[in-house]
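There is one chain below, alone, in structure tokens, taken in the form predicted alone.
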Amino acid sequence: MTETIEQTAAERYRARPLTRVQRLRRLLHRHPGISPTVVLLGSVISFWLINDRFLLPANLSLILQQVAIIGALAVGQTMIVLTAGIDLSVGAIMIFVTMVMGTLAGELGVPGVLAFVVGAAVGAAAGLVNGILVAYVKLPPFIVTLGTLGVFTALALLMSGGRSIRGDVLGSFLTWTATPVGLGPFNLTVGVLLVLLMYAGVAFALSQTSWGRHVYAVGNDPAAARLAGIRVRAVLLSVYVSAGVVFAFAAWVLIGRVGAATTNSAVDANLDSITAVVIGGTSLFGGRGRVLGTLLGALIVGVFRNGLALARVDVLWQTFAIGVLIIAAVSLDQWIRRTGAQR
């Protein structure tokens, strides 16, 4: 009798019409790309009203070129966050690989293509270290990558010896990503186009392959994924190694963008990559998000920094604004996630 009463009460609860807030929450939960799209459009309109130069093709081209590096890093960060992890060493790995490529090509005379291949292998090895410590030693991703942040930063500084390697001695291949590409009124670079192609490839891998489905399953519930026959540790390791290769690719784009191999670039890379992922709708608790949202998040970061600069806002306040964006995005994610507990 008690069970019947409880079932009837549960049925009455489920039969209640959803409020507007509940419908909105469900919509955002099912389509995480809506939030960053609205924020991006609102930001563009706001900064255009503040300064009419914002929407000039030259300025929009500049934003896309600036976003390319953070956008590339954010792809690897997205894969890791989808597994309910986080990587604080993304910028350090990128800078370390930059110096590896620069030293090989600029000082040892290694061909640019081979220097890039070695750099990609170094990035994969860095990701392998993080992956082994997370998946097999079972250390928290935050602690692991906080430690390797210091390790790879120190290695990059030791390798550079406080010097930069100029682009004119790096060879044409490593600086090829800076080659301008005209698309109508816009002036992009090869690096921007390659990053967009990478987004398309990773989006396909995550949405259309069994590996991608396993990544989401592991991030959503590792125990359930293990019971379903998924090799959780192998999936985690593959994610960190793949992310390491992506960070090496970002290093290649960075060399073209800066015109040199140096340790003095991409100072805010870690913060901006995490910001792009979170604003893009990927949940820090794993299992939910899309790389398309990450691209929108990276554009939002670029739009904010560029728009605030045009408005002559101090760089410290720009960082303040990015911090507020992170808090707002995480708060929204928490609010959206509660929809699963209600129905």
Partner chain sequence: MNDTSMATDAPRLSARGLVKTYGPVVAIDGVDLDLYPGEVLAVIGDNGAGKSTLIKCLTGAEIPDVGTLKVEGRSVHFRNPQDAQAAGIETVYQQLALAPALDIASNIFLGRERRRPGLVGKVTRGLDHRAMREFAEAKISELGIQTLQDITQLVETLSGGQRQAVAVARAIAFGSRVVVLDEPTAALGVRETAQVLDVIRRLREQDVSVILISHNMPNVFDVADRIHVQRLGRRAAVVTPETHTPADAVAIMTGAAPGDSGDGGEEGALP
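Numbering follows the first chain given and starts at 1. Every value quoted in this text rests on a predicted model; they were computed, and no experiment measured them.
The same protein also exists as the form predicted together with the partner chain; that form is not shown, yet it is the one meant from here on.
- Proximity of L128 to the partner chain in the predicted bound form: non-hydrogen atoms within 4.5 Å are absent; the residue sits far from the partner.
- Contact between R166 and the partner chain in the predicted bound form is not found at the 4.5 Å heavy atom cutoff.
- Looking at F186, you'd find every heavy atom of it more than 4.5 angstroms from the partner chain in the predicted bound form.
- Proximity of N220 to the partner chain in the predicted bound form falls within the 4.5 Å heavy atom cutoff.
- This chain appears without its partner; in the predicted bound form, the one residue of L155, I230, V117, L193 with a heavy atom within 4.5 Å of the partner chain is I230.
- Of the listed positions (T179, S172, N264, S207), a single one reaches within 4.5 angstroms of the partner chain by any non-hydrogen atom in the predicted bound form, namely S207.
- Of the candidate stretches 36-44, 313-321, 283-291, 50-58, only 283-291 has residues with heavy atoms within 4.5 Å of the partner chain in the predicted bound form.
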